[in-house]
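As structure tokens, one chain now follows by itself in the form predicted on its own.
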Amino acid sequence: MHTIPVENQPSFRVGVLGASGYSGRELCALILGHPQLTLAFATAHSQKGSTLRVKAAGRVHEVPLIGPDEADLAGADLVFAALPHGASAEWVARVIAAGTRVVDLSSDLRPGHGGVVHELPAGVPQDAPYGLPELFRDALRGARVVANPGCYATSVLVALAPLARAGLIAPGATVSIAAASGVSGAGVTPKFEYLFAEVTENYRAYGVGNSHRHLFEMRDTMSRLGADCDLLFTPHLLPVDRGILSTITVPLSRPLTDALEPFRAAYANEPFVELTTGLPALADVQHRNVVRIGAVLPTGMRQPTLLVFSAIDNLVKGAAGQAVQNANLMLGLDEAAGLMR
């Protein structure tokens, strides 16, 4: 295969709005290590004027943080908006008005909008492409705006999509999802319940009763994939830094003899989906842009049932890594450029 020399490959200037958060920091690191992206600017609100220390490409980089209003949006080829939910859409509108492509990491543009009914600013599309490349790749190539999925939604939807598309989920069934995330998924805003002494040596559920914002994009996407089912989603907090492990119980419309067969058929050529005959673990995926999936046919069930296990790094495939994967598609680059498999 002919390889284009690095010096002859196109290079793009990209900026990060909200670089002081965990996803923003991860984005800066991935951009600094990317062969075809250059970090044009990194913004922060309360931390503007300070320096962000980021480890990338084998060394520590010092990234100056500027205020959002100082960012040259028009001078960038693409901007990542890693801003809080509810505040991001306004900046997405500004980026669009500047004629620049944008990947939004908040829930503002996602299907269901995180359960918050609000009017999007003028110029922001109501139906921005949903950035799950494994499911909707064609809509992402060359797109001007992409809504980056939530971390839990990524773990769950990549695991359920092959079953939904194959009609394997029993009509009217309740699909039960128990997912556990590392503390970085809660963001950098200080909260009592996320203090070290409250989290360490502890494990607890939160967002119970189907109240988590990611559920809205899961429901919308499952319906789009043709599934007729309810989702019962219960997230849990793990005393670890990063990673999500989802355990999903799926009532089947017909028996399976090979638990992994639907996933092999759907993901045979996917660079960032791994299938395992064992059980995926957080250690398998940390700092990697992959979804690792295992499946088991449980015994002693009156109805055909499948247990699906899905592991991701919530800051990489669940946020910044997936955002870069989407940016690669938007800019016409190799989808895997700058990402660890």
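On a predicted model such as this, the values are computed, not experimentally measured, just so you know. The numbering used is simple: start at 1 and walk along the sequence shown.
The following text describes the form predicted in complex with a further copy of the same chain, which does not appear among the structures shown.
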item	value
Position in contact with a further copy of the same chain when the complex is considered in the model of the complex, options Val116, Ala98, Ala205, Leu120, heavy atoms within 4.5 Å	Ala205
Listed residue that, although a further copy of the same chain is not shown, lies within 4.5 Å of it in the model of the complex (heavy atoms), from Ala259, Ala265, Ala93, Leu195	Leu195
Residues Tyr22, Gly58 and Gly300 all lining a further copy of the same chain in the model of the complex, heavy atom within 4.5 Å	yes
4.5 Å heavy atom contact, Leu157 to a further copy of the same chain in the model of the complex	no
4.5 Å heavy atom contact, Thr249 and a further copy of the same chain in the model of the complex	yes
Any non-hydrogen atom of Phe41 within 4.5 angstroms of a further copy of the same chain in the model of the complex	no
Non-hydrogen atom contact Arg242 with a further copy of the same chain in the model of the complex at 4.5 angstroms	yes
Location of a further copy of the same chain contact in the model of the complex, chosen stretch of 122-130, 102-110, 141-149, 166-174 [non-hydrogen atom, 4.5 Å]	166-174
Residues within stretch 146-165 having a non-hydrogen atom within 4.5 Å of a further copy of the same chain in the model of the complex	none
